[in-house]
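Both blocks below hold the same protein chain, though in two forms, and each is given as structure tokens: structure 1 and structure 2.
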Structure 1
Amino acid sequence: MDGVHDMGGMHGMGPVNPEDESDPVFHAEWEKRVFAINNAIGPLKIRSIDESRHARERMKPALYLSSSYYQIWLDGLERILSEKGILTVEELAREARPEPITLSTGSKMAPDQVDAFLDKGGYFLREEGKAARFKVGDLVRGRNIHPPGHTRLPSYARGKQGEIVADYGLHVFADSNAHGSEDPQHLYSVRFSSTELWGADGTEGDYIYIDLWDDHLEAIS
């Protein structure tokens, strides 16, 4: 979907100012709880990581731009858990008493399992899926798409020409996975020149490498 979350390559956002290494990881106690809740939900298999991303990018634009990192996480959590029927709007607003939750998927994570779970991470390679339409060295163009759902194709690369420089093999397609279907297909590293993306305002010799799936690309004949 086209939204304020897709701000890569846009003007007016100011510089990226990384925090000092001595700064705390969390700036408030509630941020720790949001981080913990988000990760505790993972083993329950209620939602995929791409569903989570799509939930966050549907935050109201003005609120998104004025929110901190973990405020956006919290908004996405509330949205996805409401949509999955785990929570109700009334419960979140304290207008109704929270009801017990029974899940048929996944299992609760014990405290001593947390570190191993986080170290393991996700696994998105698949053995079967769509045949590759491209190979390393092929010239391709980012499709000019504007889907109402989730997409990992940034707007600044749509309609732009690049070159396949690596094929990572079959991976879960994030755009589909955000809506309940893995649709495995080849994931590539695509190199775009800075001047192709931003014309005369780009810099000769600078390149941007973007990981894109088969369905994000079209062949250049």
Structure 2
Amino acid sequence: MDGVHDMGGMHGMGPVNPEDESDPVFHAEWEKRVFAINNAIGPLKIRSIDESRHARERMKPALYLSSSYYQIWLDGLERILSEKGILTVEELAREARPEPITLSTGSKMAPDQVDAFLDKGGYFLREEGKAARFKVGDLVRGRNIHPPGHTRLPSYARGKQGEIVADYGLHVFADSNAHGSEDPQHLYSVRFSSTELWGADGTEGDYIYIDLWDDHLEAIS
């Protein structure tokens, strides 16, 4: 979706405010809980990482821009868990007594399983999927697409020419996985020159590397 989350190249966002490295990991107790809930529900297999990203992107644009990042996560959690039938808007508003869930889920993460689960993480490589249309060294163009759903093709790369510099193999395709299908295909590192992306405002000799899937690209004939 062409949303405000797709920020690459936008103007007007102001200066970066660097933080001291001794700053705390979390800046409030509630941030810790949001972060931890988001991770703890992983093994329940209620939603995929791409569904959760897409849920965050659908926050109202004005709110997205005025929220801290963990507020965006909170909004995304409430949205995806309601959509998946885990909880209701009325329950979230404390207007209804919590009802037991009727869906079957994976098992709950126990406190002593935290490190095992998180040391393992997810796994996004697949054995089978679409054949690669491109190889290292090929010149490609980011497709000019504007899907209303999730996409990991940033708008600033669309219609722009780049070169495949690495093939990372068959990966779950985020754009599809956010909508329920893995559609594995090759993931590439694509190098775009700064001047191709930004014209005269770019810098000759500088490059931007973007990870893009096969379906994001078209051959340059």
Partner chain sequence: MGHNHKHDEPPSDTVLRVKTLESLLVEKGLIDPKTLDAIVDRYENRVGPQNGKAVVAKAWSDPDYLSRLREDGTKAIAELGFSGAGGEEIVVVENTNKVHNVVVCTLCSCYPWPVLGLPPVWYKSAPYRSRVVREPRKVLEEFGTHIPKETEVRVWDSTAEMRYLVIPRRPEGTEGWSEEDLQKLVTRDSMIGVTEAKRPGEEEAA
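Source: prediction; values computed, not measured. Shifts are known only where both forms have a C-alpha. For numbering, take structure 1's sequence and count from 1. By rigid core we mean the largest C-alpha set that fits within 1.5 Å across both forms.
Q: These are two forms of one chain. I'd like to know which is the form predicted alone.
A: It is structure 1; that copy is the form predicted alone.
Q: Answer yes if the CA of Asn17 moves 2 Å or more between structure 1 and structure 2 after aligning the rigid core, and no otherwise.
A: Result for Asn17: yes, a 2 Å-plus shift.
Q: Go ahead and list the segments of at least 3 residues in a row whose C-alphas all shift 2 Å or more between structure 1 and structure 2, with the rigid core as the reference fit.
A: Moving stretches, in sequence order: 14-19, 100-103.
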